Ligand SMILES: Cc1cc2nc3c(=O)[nH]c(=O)nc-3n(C[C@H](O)[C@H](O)[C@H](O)COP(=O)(O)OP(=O)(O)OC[C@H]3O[C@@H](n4cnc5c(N)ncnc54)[C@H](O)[C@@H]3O)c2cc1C
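For reference, the chain that follows is the form predicted on its own, supplied as structure tokens.
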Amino acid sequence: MGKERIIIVGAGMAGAAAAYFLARRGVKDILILEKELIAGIHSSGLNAAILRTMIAEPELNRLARESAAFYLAPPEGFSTEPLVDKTGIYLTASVGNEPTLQGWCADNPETGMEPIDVAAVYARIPALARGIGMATWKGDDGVMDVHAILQGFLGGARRAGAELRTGVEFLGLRTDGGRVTGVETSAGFMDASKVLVANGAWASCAEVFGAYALSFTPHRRHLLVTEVLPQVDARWPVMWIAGEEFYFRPESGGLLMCGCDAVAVAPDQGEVTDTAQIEGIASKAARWLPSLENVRVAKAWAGMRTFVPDDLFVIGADPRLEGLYWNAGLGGHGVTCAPAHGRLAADWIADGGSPHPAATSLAPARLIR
């Protein structure tokens, strides 16, 4: 039997949040392994940093609302800075796509999206082109301080005794008699009685997990930030247009924009930018922000969002192998929902299950035949 130690593979948001909540439960021997020299440089650090609690799937919507409550009133000592800049969010639908937004709101009334007159959106964002058919508003959503959140989780875990080792790559599981005994790494074998897979897109590497692989698929998504634009008000809310799959928010004196592209990729290709996708964002920006059509791009990048076929998270114990747990397939909501998915993963590891209403629907067992 392996050492009575929990190894967490990945120090991004999924692994850090799970480590934090395990440590708060008094679990002492936690080792977080991160292949990069700096934690959180992939999906956790390449996202749009938007707190949008209106997620269409009710199970994930609940997790987003629970997490927002944590971010807006974090535990004492978690961070010295506010975790959310409550700029608010306009969640809108273009003409003809109103039923999509209406369905989201009907399925998730607890989210608190307030219907508002479309004219109010145009008054607040004068650069926006006509074509919005429905608008809703939530004032407590906005922009997250992702760095402060990640460091809050990692710092809290480490102060409680967890260890973080960077520059150590996970290479595979070692098992004996139907249970985990440890992990193979670039620094050699490490004993463990429980292993949590929380390494984002790399959870999809079937050659690493062998018989215990699950059907994760990373998808690449591009974002860009424009040059400084004097016509942009730094206090504009986040603007999200459902149906057109386009959003933007103020950033660094310009606008951060995304066209919501989703191309399946291997993890090592997930951060390679595709010029055609950057042009796609520019095309949507020209449609919705015509006065900004000829602005320059200051920065563009790509990050990954990893899914399983039903688009829900994968959190909990793998029934095929004792001691193997997952917190993966977070599909672009890993930061938004980190307090909830981290707590849920910790429940599984510490207690063998969770009373959370979404625990069963998110458990890995549903993907195993």
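Keep in mind that what you see is a predicted model, and the values were worked out from it rather than measured. All residue numbers refer to positions in the sequence shown, first residue = 1.
The same protein has a further form, the form predicted in complex with the named molecule, not shown here; the description that follows concerns it.
Asks: Hey, of 285-293, 104-112, 73-81, 191-199, which bit sits against the named molecule in the model of the complex at 4.5 Å between non-hydrogen atoms?
Replies: The contacting stretch here is 191-199.
Asks: State yes only if every one of K28, A162 and A317 has a non-hydrogen atom within 4.5 Å of the named molecule in the model of the complex; otherwise state no.
Replies: Answer is no for this spot.
Asks: With the named molecule left out of view, choose which of L321, I50, M54, A300 has a non-hydrogen atom within 4.5 angstroms of it in the model of the complex.
Replies: Exactly one listed residue reaches within 4.5 Å, namely I50.
Asks: Tell me, which of M144, L173, L255, A135 has a heavy atom within 4.5 angstroms of the named molecule in the model of the complex?
Replies: Result of the distance check: M144.
Asks: Would F216 count as touching the named molecule in the model of the complex under a 4.5 Å heavy atom rule?
Replies: Although the named molecule is absent here, F216 would stay clear of it in the model of the complex, with no heavy atoms inside 4.5 Å.
Asks: Consider S44 of the chain shown here, and say whether it contacts the named molecule in the model of the complex, taking contact as heavy atoms within 4.5 Å.
Replies: Taking the distances in the model of the complex, the answer for S44 is yes, it comes within 4.5 Å of the named molecule.
Asks: Does P339 reach the named molecule in the model of the complex, with heavy atoms at most 4.5 Å apart?
Replies: Contact with the named molecule, no.
Asks: Can any non-hydrogen atom of D310 be found within 4.5 angstroms of the named molecule in the model of the complex?
Replies: No, D310 stays farther than 4.5 Å from the named molecule in the model of the complex.
Asks: Judged by heavy atom distances of 4.5 Å or less, which residues of 302-335 approach the named molecule in the model of the complex?
Replies: Heavy-atom contacts to the named molecule in the model of the complex: G303, M304, R305, L330, G331, G332, H333, G334, V335.
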